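Shown below, as structure tokens, is a lone chain in the form predicted on its own; questions about how it binds or moves come after it.
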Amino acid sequence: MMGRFVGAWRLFRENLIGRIGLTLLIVFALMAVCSFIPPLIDPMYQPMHGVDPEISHSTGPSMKHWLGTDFIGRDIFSQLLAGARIAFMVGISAAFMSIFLGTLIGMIAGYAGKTVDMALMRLADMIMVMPTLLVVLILSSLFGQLHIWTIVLIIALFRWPGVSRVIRAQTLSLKQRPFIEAAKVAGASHVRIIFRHITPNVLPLALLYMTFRVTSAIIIEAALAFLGFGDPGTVSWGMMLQWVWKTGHMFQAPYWLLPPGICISLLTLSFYMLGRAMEEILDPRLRQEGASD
């Protein structure tokens, strides 16, 4: 196991896309960790309620406010750091829940087969054709602005079907392997076979899809916040863009508009690049194609 991990890490280090993605991810992780520091320095750097008493309108970058202030004098840099924390929380939480659900359902469907397989895959098909963003918008219009954890849960519940179909196909292949037949002959229960023998073999594929699900979750949350359906009590990058638009500073304050937009693009790009690098590590054919190019 350790040898396989070392070999995968060596391949990852040789992958330029993976190294760039990991570097970007580390930068944003540091931003999220450092988001707790500005409010400790001065209460005016509190991202949601902190206001500079000397400023009552949007101002440009200065020594006191590195990225300037918003329309009521709140520090944009502290909001940007807080937005990194929310992006990680939303992206990783929603992706983990959707991957966990999709992997579990996919393994059960592939291993059980017949009626169970058909029922679970038809459920996956019905959910898969529903556009996640549109469904969340409809729910928001019915129940008002949603809490951030409600948004995370909805994203997770609508993003598992694609993963479940891939894991199901992998499970169908695995259950025909000799080691599964040997486990059955040895008297292993179905639960033990699924979690002891099948899960370790489908886990790398599930982690690969998790990187892509993080990207989609971050974009969906940002889109909802920008459209005014996000959590008004949470400072996210999408909410920052919504404040820029709502207060009429879209073309007057680039120091306020550009940072959250650039951060959304770069963070989603970092997870996508990590996913592409992992895909090349898991699929030798992609490595050969990259080497031939």
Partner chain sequence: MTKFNPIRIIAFGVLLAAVALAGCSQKEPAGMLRVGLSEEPRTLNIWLASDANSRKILSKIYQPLYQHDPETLELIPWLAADLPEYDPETVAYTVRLRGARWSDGAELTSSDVAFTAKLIKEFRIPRHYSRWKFVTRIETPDKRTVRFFLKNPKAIFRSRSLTIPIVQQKEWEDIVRIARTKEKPLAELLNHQVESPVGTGPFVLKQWREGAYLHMVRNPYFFGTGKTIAGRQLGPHITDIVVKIFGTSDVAILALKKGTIDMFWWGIQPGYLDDLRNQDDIHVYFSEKSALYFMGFNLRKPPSDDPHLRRAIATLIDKNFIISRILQGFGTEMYSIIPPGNRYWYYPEVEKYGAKLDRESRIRKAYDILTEAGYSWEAPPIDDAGAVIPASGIRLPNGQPMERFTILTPPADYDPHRAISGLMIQEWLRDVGMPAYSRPMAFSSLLQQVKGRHDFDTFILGCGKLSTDPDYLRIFFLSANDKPRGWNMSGYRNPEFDKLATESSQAMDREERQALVRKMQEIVLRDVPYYPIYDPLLIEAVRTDRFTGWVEMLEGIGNIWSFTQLKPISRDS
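Residue numbers count along the first chain shown, from 1. Because the structure is a prediction, the values reported are computed rather than measured.
Heads up, the form predicted together with its partner chain isn't pictured, but that's what we're talking about next.
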query	finding
Which of 90 to 98, 108 to 116, 201 to 209, 69 to 77 lines the interface with its partner chain in the model of the complex (heavy atom within 4.5 Å)	69 to 77
Its partner chain contact in the model of the complex: I55, any heavy atom under 4.5 Å	yes
A186, heavy atom within 4.5 angstroms of its partner chain in the model of the complex	no
Non-hydrogen atom contact V27 with its partner chain in the model of the complex at 4.5 angstroms	no
Its partner chain contact in the model of the complex: C34, any heavy atom under 4.5 Å	no
Stretch 243 to 270: residues contacting its partner chain in the model of the complex, 4.5 Å heavy atom cut-off	W243, W245, K246, T247, G248, H249, M250, F251, Q252
